[in-house]
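Before any questions on how it binds or moves, here is one chain, the form predicted alone, in structure tokens.
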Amino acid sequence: MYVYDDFDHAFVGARVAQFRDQVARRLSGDLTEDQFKPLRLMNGVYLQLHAYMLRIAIPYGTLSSRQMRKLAHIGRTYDRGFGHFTTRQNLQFNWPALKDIPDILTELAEVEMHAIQTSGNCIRNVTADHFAGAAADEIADPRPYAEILRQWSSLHPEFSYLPRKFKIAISGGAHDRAAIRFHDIGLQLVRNAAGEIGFSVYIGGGMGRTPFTAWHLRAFLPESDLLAYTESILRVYNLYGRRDNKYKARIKILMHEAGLDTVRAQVEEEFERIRTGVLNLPASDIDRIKAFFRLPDLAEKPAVSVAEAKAAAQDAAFEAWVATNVTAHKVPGYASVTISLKPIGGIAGDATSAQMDAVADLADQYGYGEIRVSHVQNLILPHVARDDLKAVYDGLVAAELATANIGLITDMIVCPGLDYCALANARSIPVAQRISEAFGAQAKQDDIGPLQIKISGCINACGHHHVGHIGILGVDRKGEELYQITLGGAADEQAAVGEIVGPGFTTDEIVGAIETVVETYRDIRSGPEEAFIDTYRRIGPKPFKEALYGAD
């Protein structure tokens, strides 16, 4: 992973010192909350429903064990003993005292972490495939390019006050594990006919009040042009993006109103003007950054692990966990292990300080000290010998982190909702807990198969409900919490926005409604091998609507 140089250390240290002074002025009353708000947002500090919240950047979702231990320490020392991993591969602490936040940022700087650009109208944390560098199907590791974009975008003077927040994601292969078609800029690594690496560029995707799948802007962008082309897009957006209405300020609205051809022409014109200047990336610079992300020295192993097979034969729970939580690695004899942060009946994305320490220990012992955060709020040990899978599993069982549900119905994305967020209309967490309990039996989950539920407590869609195979949106109707159901969404290479199937359901009704949707699927699927989303695409919404509301 990337290691700070002297400039990075000085840069982050100066920012912490500046914010320490700003917090002191707020606490003394020299700054009002309105005056303090833009200053705290530039340092990842939100004012939620009950307390301040600190959002910490985890660039492209990559953590070292040392950094994870620091996060555990901060949760234990300054918060309530836990943290919340987010869909931007970041971590949130929900209960820090404002007076302590400068000390937290100082401690983060000690392990090369910060909270810069985790909020505000700027370029946010660049996200990437959580299996980057390990995936058997990737064209190239996307993290070096994400790091290049991070360095370029950090406090970029031209883009610090954009019309609205701006999000970039990079996928390393044809199968999209980074939801690139729902980002302001989505980059997919590709090779051209000559075998050269470049990017397929998407623009204007997003969820929220007006969801759009991204437009395909360019089929192939050479490596060396990454910064120049990205800057060209940002300049066009900064110039033409709306500032008169925050609900119409994202680049997706510019794309919708101006059209792909118009925006592409503007971007290409700007690109031709700047592409040969200082933003052109020399191969030597790309290679220098790539060197930080080289694979660990993985010892040669047999492709098939006898130890794994023996353990699976003796332990059905371990066998179920391998089937759902273990992914093929590019190096034979190794695997990537996904650690579920979705315990049955628990809170999606939360991890206690003790659990963070346990994950750090397992990473050191079995995973070369490296940890990833996924945009679906789980953790990953990317490089684990298959011979060590049983030992890792046993360690996760001890830490209460061995839920075998990755990609299954209880592996939900869930926003904090009305339990934390001042913008929310409805609670998300209790609904998710009840759904998890209703479908928690392993046999039931295995029979249902791959199914993604995503839950948001308001139209801002922090829970990505638009792209759930089953999406749930909390709304307020005359003081009552209701929940709308959408079906057919997807955030992968077959990106789609889900369709609202009908009127919302009350808090008491929503779990039963989801059970009705699932049972309808089980009745009409062509067989156990047909996944929910495939059944929906084959048949459409009609049988689900009839099951929920009755025939027309």
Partner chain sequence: MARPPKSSQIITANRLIDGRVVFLTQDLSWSSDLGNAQVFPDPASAEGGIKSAQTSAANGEIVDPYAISVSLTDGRAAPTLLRERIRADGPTIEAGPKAA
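Positions refer to the first chain, counted from 1. Fair warning: this is a prediction, and the values are worked out from it, not measured in the lab.
FYI, the form predicted in complex with the partner chain isn't displayed, but the following is about it.
K.L.:
Does the partner chain come within 4.5 Å of any heavy atom of E481 in the predicted complex?
P.N.:
Result yes; E481 sits at the interface with the partner chain in the predicted complex.
K.L.:
Do A299 and the partner chain come within 4.5 Å of each other in the predicted complex, heavy atoms counted?
P.N.:
Judged by the heavy-atom cut-off of 4.5 Å, A299 is well away from the partner chain in the predicted complex.
K.L.:
Taking the partner chain as it sits in the predicted complex, is P343 in contact with it (heavy atom to heavy atom, 4.5 Å or less)?
P.N.:
Within the cut-off, so yes.
K.L.:
Would V278 count as a contact of the partner chain in the predicted complex, using a 4.5 angstroms cut-off between non-hydrogen atoms?
P.N.:
No, V278 sits far enough from the partner chain in the predicted complex that none of its heavy atoms falls within 4.5 Å.
K.L.:
Residues E33, L98 and Y420 are flagged as a possible site; in the predicted complex, is every one of them within 4.5 Å of the partner chain by some non-hydrogen atom?
P.N.:
Heavy-atom distance to the partner chain in the predicted complex: all three under 4.5 Å.
K.L.:
If we take heavy atoms and a 4.5 Å cut-off, which stretch out of 345 to 353, 176 to 184, 264 to 272, 321 to 329 is in contact with the partner chain in the predicted complex?
P.N.:
Single hit among the candidates: 345 to 353.
K.L.:
Pick from K165, R80, K248, H256: which has a non-hydrogen atom within 4.5 Å of the partner chain in the predicted complex?
P.N.:
None of the other options qualify; the answer is R80.
K.L.:
Among the candidate residues H375, H84, R427, R124, which is the single one with a non-hydrogen atom no more than 4.5 Å from the partner chain in the predicted complex?
P.N.:
Looking at the other structure, the residue within range turns out to be R427.
K.L.:
Heavy atom within 4.5 Å of the partner chain in the predicted complex: which residues of 38 to 68 qualify?
P.N.:
Heavy-atom contacts within 4.5 Å come from L47, Q48, L49, H50, A51, Y52.
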